[in-house]
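Below sits a lone chain in structure tokens, taken as the form predicted on its own.
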């Protein structure tokens, strides 16, 4: 009962749930709702600090610059980055991955080299690397899926055995599958990349919202995540990278702010992180993202993880009790916040539309992971994804609505 009280009370921090008290929101892998402190931070910035950053010497512009760079410093501290200069602000994980796919391919790839991904990646961590390979005459190779929607890690031995491992220059992998909730063996992948001198890019869009932050323990060269999944505003995101590696990379966008000296025939680049932040940044988005991460820290990352572990266990139990429901993905993973499933005889879109009648919001479709769906011979699935403000009552509503949907359609 204490857990229920804490979580129900927590929803009061989120104005959207006050506007829609009947809503059971279970589409958190797509985007999270925003607490009042984030909305207040956005409002305060635009009503008291709005001006362009870095370029002006008048007082309001200095306040805006302090807000922007202060947000960078706070987020860097939360991530345990070596310095704020290692953080580049972007509009989200998709933009961050495109940045890295462009700049890393320009710096590291030659014809015949390999970019290693997994068959389970979101399109945002697949298509940019696919296009980079096409530009550079490189090859895109994917670690395949097993039938339980986990990765076939023996494939790394195959790469070594046939001599392809030495051609791998970049590895890009997510921490958690947005389609199936699979937690990938990142430490094993990191060790393998380190042993072979491979640059490792990690898509943390599905793990950072749940308090997995320490970049020193990550074992990666770059981490990318979106702010809108971590209780922050849409249009915000971060690319963290090791400073020595950032220094070597060419910028992927050019224009104002990212330059040092410009003539009609040549340009030199600004220092980090401004070298990768061309044009006027979304200062409010950065301020809002910092406020969201501050809020999570104040709530307690351990508390978040404990609460979500409780919800994970309850969700699996309730879903397994729904007649005709098949969970897609790992069956013995203890901490899982994304649940992908099919309901016998009912299309996933029909499931989602029926649940919406009961104010239960879930996702349906291929979840921007078409190769993964194809590998498992699935057209689409329904997906429920959890956040810390969800309640046990939410999960019982989900289970009851799914049972009613099956009875309705069959």
Ligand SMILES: Cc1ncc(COP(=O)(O)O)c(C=O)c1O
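On a predicted model such as this, the values are computed, not experimentally measured, just so you know. Numbering follows the first chain given and starts at 1.
There is also a form predicted in complex with the named molecule; it is not shown, and the following applies to it.
Counting any heavy atom within 4.5 Å as contact, can you tell me which stretch out of 138-146, 90-98, 107-115, 272-280 lines the named molecule in the predicted complex? Correct option: 90-98.
Which one of 205, 315, 293, 220 is close to the named molecule in the predicted complex, taking close to mean a heavy atom within 4.5 Å? The residue from 205, 315, 293, 220 that makes the contact is 205.
Quick check on this chain: which one of 200, 124, 239, 337 has a heavy atom within 4.5 Å of the named molecule in the predicted complex? By the 4.5 Å heavy-atom cutoff, the listed residue in contact is 124.
I'd like to check something about residue 228: if you look in the predicted complex, is any of its heavy atoms closer than or equal to 4.5 Å to a heavy atom of the named molecule? Residue 228 belongs to the contact set for the named molecule.
Would you please decide whether residue 178 lies within 4.5 angstroms of the named molecule in the predicted complex, comparing each non-hydrogen atom pair? Contact with the named molecule, yes.
Residue 29 versus the named molecule, in the predicted complex: is there a non-hydrogen atom within 4.5 Å? Yes, contact at 4.5 Å.
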